[in-house]
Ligand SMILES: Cc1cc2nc3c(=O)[nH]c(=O)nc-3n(C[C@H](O)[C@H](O)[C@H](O)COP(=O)(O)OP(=O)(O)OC[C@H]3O[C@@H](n4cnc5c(N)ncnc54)[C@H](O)[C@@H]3O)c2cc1C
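In the form predicted alone, a lone chain appears below as structure tokens.
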């Protein structure tokens, strides 16, 4: 970069604000046009709020299991949740996180324009401000990071009171008597698991033969078994036809003629990209059939100088991936060292109880012959720390290549799996062998000891 470049970013979510920080660090003039609040849905209506809610659910689960560890709780006092207080905390933490992001951007001399941004060609952004006026922003590069929104259907329309998207649940002041969750993907499974832990009756409607059909099959089975044991009703291979409300009663009608009634319903039907009305196609940006922006591994679109990051690309809808896409875009445009996005190094987590964390190649890919790898699965029930904590469910699974013994993937199911996956993620990223992973010290006793033990079982003479 020989002269100062101007970068205009549309959207202030992880893909937007992380790219802004990188561009500012590399000396560019940076403008972020944002209409929804800095942090985007990840901070304001999705990741931060849902995981804050789940943190309360985790405490409830631990309290209920306390008796087994010798902790006596007065049965007359009972344990309950004040949902209004929980949701107030959720909103407060989300707002504080958004404010932290704003302060960081301002500190790095990033200009923030509150308004709706759209392309007027590949090198120009029109920002419609709150007063209706329009500011024209010339750009050497544009990054689109507008995210996605909850998908709804004509036959299942949210009303914000009893039929809800996952963005609307934090307005609830009273505990639902019976919550129906439609959709058994990550979002549906997380909310179903969390509200069950909060002591709410939950029915999960799944169109597939198992919960979390996109995850490791062994992990999905553990979660489903635990959820049912704890009282969740799981309706597998049950496709929703409609969701209707009559007063305080919500009815979910299934395509086979059955129906289930409850007090509230959460629609977890996937996401649609926020790409309409942005002038993308007119600027030469290609969209796929679902409306997602087509990008390459360095976040370039089909229009020269226009990049895209995050859920609007549909690449892998995780905040961590959005942030990395944004960083890669700016490293590429501004001439810094850059490595193309490698999805086989992405670690992800489903924040259910138990959690499910994965990285690298999957069991499904191995079974399909996409890669030749050996696997070992070690139940947590044999782990001494797990026994001490009363943990019976979960496992560690490792995959390594025959011959080289390089670790190419792994799965952790259990409490705080999101933390336990990190050493496996390092092994995958750095192409460590199972022996190298096994030779690293683990604390005794610890959950992570099962990772070392699994690696030792992959040793080959």
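Quick caveat, the model's predicted, so the values are computed rather than measured. Numbering follows the first chain given and starts at 1.
Although it is not shown, the form predicted in complex with the ligand is what the next lines describe.
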query	finding
Triple contact flag 373, 410 and 449 to the ligand in the model of the complex, non-hydrogen atom at 4.5 angstroms	no
Contact flag, residue 191 vs the ligand in the model of the complex, heavy atom cut 4.5 Å	yes
Contact flag, residue 145 vs the ligand in the model of the complex, heavy atom cut 4.5 Å	yes
Non-hydrogen atom contact residue 115 with the ligand in the model of the complex at 4.5 angstroms	yes
4.5 angstroms heavy atom contact with the ligand in the model of the complex for residue 215	no
Which of 290-298, 273-281, 365-373, 333-341 lines the interface with the ligand in the model of the complex (heavy atom within 4.5 Å)	273-281
Any residue of 285-305 that, in the model of the complex, places a heavy atom within 4.5 Å of the ligand	none
